[in-house]
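Below you'll find only one chain, the form predicted alone, shown as C-alpha cells.
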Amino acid sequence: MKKENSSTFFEDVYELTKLIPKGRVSSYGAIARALGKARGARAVGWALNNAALVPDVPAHRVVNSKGILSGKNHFGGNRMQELLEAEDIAVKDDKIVDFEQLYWDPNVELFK
C-alpha cells in the first residue's frame, strides 16, 4: 500500500481496511492518518458506510478512537457486534473490551 494518492480516497480506505487482521480492530482516525489525512476520520466513516457495496471489506473492525461501535447502525441490529464476536473480540455496552490490546495502528504495523 502506498501512501501517495494513486487512487480515490474511498478505495484507499477499503484497501487499508482489508489489511486489519482478523481479531484486531482499528479506528477511523488511525486509517485517516495512515492515508495522510490527519483530519479525515469522518471521511473514513463515510467511506466505510458504503463498504457493503465492496466485497471483502471488514468494516466491522473499524471503531471510534475509544473503541465504541459508532458505526453499528450501518450494519443493522447487532450485526457489527456479532461479526466482532465471531472473531473472538468481546464487546460490552457497544464498546470493545480490551480495546488497547486489540488496537491495530497501520502507522505502527505497516509503515515502521
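In this text, all values refer to a predicted model and were calculated from it rather than measured experimentally. Counting begins at 1, following the sequence as shown.
We do not show the form predicted together with the DNA, though everything after this point is about it.
Interface membership of Ala52, defined by any non-hydrogen atom within 4.5 Å of the DNA in the predicted complex, is confirmed. Looking at Arg79, you'd find every heavy atom of it more than 4.5 angstroms from the DNA in the predicted complex. Leu83 falls outside the set of residues with a heavy atom inside 4.5 Å of the DNA in the predicted complex.
For Leu48, a non-hydrogen atom is located within 4.5 Å of the DNA in the predicted complex, even though that partner is not displayed. Residues from 30-50 that approach the DNA in the predicted complex with a non-hydrogen atom closer than or equal to 4.5 Å are Lys37, Arg39, Gly40, Ala41, Arg42, Ala43, Gly45, Trp46, Leu48, Asn49, in the order they occur in the chain.
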